[in-house]
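Okay, so we've got a single protein chain in two different forms coming up as structure tokens, structure 1 first and structure 2 after it.
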Structure 1
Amino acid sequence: MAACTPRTHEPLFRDTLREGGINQYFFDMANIREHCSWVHSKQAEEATQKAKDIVRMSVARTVGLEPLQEFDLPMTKVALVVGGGLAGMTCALSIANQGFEVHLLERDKELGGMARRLRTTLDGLDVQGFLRDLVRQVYRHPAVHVAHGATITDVSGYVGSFATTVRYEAGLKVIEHGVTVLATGADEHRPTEHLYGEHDRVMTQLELEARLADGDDGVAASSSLVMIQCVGCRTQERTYCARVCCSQAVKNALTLKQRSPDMNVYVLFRDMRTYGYREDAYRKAADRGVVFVRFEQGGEPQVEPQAGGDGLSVSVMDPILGARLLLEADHVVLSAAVVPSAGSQELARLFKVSSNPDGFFQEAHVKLRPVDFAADGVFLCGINHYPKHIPEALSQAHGAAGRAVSLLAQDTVTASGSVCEGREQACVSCGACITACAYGAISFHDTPVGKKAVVNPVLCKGDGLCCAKCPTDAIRLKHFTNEEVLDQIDAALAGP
């Protein structure tokens, strides 16, 4: 079939073959859209010739295709949700409300995660009231089993039949489950700059929000307060934008102006990113007298103790005025970055899932599989994916629950036939394939010809890394064999 990407339409044609009594692995799709027409849109004649080459190579490959069989795996109709924040609880409740048992693991002594430190949102949501109601629903639901102070020590198995070992204060427990959702949340960056931790009048936005909610008269009585954006992010160490910081700063600035209209509030920023309808709040803050001062990368503000006083002095280069401003502040508030939660990399290793360069979990495909990991049966939601506002996290939690339930509702799940297989006679037991496999699908086993590397087809995802690493060609990837690839190369070189 010469058409577009097999990502979207290959399953349809495979189903058609199967219904016609033909093995589905005899199908091959020549991608003449992404691999040809889209990248050569201004070279019509050359693109047409390349399309012919791609089709000819596909035909050559199909000559060597062999019938493969998929196999069914039993489904344990239990879900495991790791993380008891807003996203984790929402996901667990969504799964439980659809009739399935859920184990909800939380490393802290109480549920809520980062939401415990938030009082309101820019839209006016009472976060603590919403959180209390959600926690009450979780504890009262008979199908949700909550564990506090839980640490995962080992994970084994595969989609439909996972076994996760959890350490509690009382000991160890093994939970058998069919699917997993990682909703481990994130942490607030602990700044090392701008005198944070050295001066009691320097705080983060979350700490300011807590003080305002607790009725701290010292902050409310300030005559001047300076906020500094992008602390700990958009740097060489962390290149990403934390997304929620600008809205948090605008929200707290509006609260300060509401309580003390005469207070001078300054927001020092590189780029204000109150996207969507939050732009209205930014304009409202400016109308109420909040002063926004832009600085450029490399010209970050400098904070120093005020000479002869308890306050602080903040200097910043204003690129519009072309001059350095000196601001006297009673308090300095840092909009600290959102960073991956402690232990997230260990969980990634245990569940054999991927993280992006910033340390956040990475889905299988941003468009085609947005809440899936590459490892089957494992899903993600919340700010362990990337920094996001509460409505986004809750929407993603419902999406992850939907994907999990789509598997739990089945009695079996089907595993692909395109997996690797070992050839014992050629194996020299070097272990190169074991280190290359990201899914733990290969291990040494005693065989009649000695200790050899054996592939577990249930865990194998057919990525072929082990084939590339093996020095003796002892591992073969079904449906993408060396012979099939060489036939394609020969067809390409042979010409029309």
Structure 2
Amino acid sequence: MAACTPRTHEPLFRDTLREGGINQYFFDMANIREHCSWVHSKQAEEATQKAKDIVRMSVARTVGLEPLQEFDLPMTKVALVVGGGLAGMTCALSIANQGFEVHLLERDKELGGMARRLRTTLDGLDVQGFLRDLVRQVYRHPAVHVAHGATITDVSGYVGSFATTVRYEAGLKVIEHGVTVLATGADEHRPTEHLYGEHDRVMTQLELEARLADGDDGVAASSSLVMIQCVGCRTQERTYCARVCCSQAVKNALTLKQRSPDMNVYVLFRDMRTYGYREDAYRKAADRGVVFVRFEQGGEPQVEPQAGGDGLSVSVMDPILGARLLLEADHVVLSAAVVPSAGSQELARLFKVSSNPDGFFQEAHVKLRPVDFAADGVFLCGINHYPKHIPEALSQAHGAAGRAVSLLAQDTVTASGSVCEGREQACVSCGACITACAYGAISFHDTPVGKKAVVNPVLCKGDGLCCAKCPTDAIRLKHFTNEEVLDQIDAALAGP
């Protein structure tokens, strides 16, 4: 098939073959869209030549294709949700409400995660009320089993039959489950700059929010308060934008202005990202007299204790005025970055899922598989993925629940036929393939002629690293065999 993108169309054509009684692995698709027409739209003649090359390579490969057998794996109809914050609880409830058992693991003694520190949303909704209601639903649901103080010590198995060892308050247990959702949340960065931790009038946005909600009038009675954005992010060390802190700052600034309309509230920012309708709140804050002052990277504000006072002096280079502003502040509030939670890397290792360079979990495909990990049967939701507002985290939690249930609802799952297989006669027992396999899919088994490598097809992901390491071609990746690749190379270089 020489046509459109295999990404969306290959499964369709494979299904059609299956329905027609033909093994789907007899199919190959020449991607003359992304690999050719789209990138060479202005070079029609050469593009046609290249399309012919691509088709010829595809044909060459097709000659060697073999019918392959897929595997049906049994599905344990139980879900494991790791993380009992808003996203984890919402996901667990959604799965349970669709009729499946869920184990919900929480590292702390209480459910709630980051939401326990949030009091209101930008729209003025009551986060704690929502949280209390959600927690009650979780505890009352007969199909949701909560473990507190839980840490995962070991994970084995694969989609359909995971076995996860959990140490929790009541001891150690092994949970058998078919799917996993990671909703492990994130932490607020603990700033090391701007006198945080050294001066008692420097706090983070979450700390300010708590003080305002708990009726601490010391802050609200200030005559001047300075907020500093992008603390600990969009730097050399942490290049990403933490997304939620601009709205968080505007939310707290509006609360302050409501309590004390005469207070001078300054927001020192690099770029305001109150995206979507949150922009309205930004305008409202400006209308109410909140002063937004831009600064540039390299011109970060300097915070010093006020000479002869209890407050602080903040100086910042305003690139529009081209002058340095000096602001006297009773309090300084830092919009600290959202950072991946401690332990998420260990979890990534245990479940064999990937993280991006910032340490947040990485989905299999940003558009086509947004809540799946590349590892089968493992899904993600919430701010372990990237910093999100509550509604975004909740939507994603429902999405992850939907993907999890789509597997749980089946009695079996199908594993790809494109996996490796060992050829005993050729194996020289060097063990190179075993070292190469990150999935532990290859092991030695004893035969009358010595140890030989065998592949467990259920664990194999078909990356083929083992094949490139094997000195005797004793291991082959089905559907991408050496012969098929070499035939393609021949066809590519054969010319028209």
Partner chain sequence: MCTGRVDLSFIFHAFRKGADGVIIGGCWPGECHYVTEGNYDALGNLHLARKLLGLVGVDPERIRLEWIAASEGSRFAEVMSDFVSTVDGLGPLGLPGAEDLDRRLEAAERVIPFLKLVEREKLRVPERSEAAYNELFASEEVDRLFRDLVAEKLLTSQILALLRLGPRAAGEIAESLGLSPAEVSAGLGASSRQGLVTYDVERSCYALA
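Because the structure is predicted, anything quoted here is derived from the model rather than measured. Counting starts at 1 and follows the sequence of structure 1. In this text, the rigid core denotes the largest set of C-alpha atoms whose superposition between the two forms falls within 1.5 Å.
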| query | finding |
| --- | --- |
| Correct structure when looking for the form predicted alone | 1 |
| Motion between structures 1 and 2 between rigid parts - which of Arg369, Lys257, His40, Asn482 is the hinge | Asn482 |
| Angle of rigid-body motion between structures 1 and 2, smaller part versus larger, in degrees | 13 |
| Core-aligned CA shift between structures 1 and 2 for Ser429 (Å) | 5.0 |
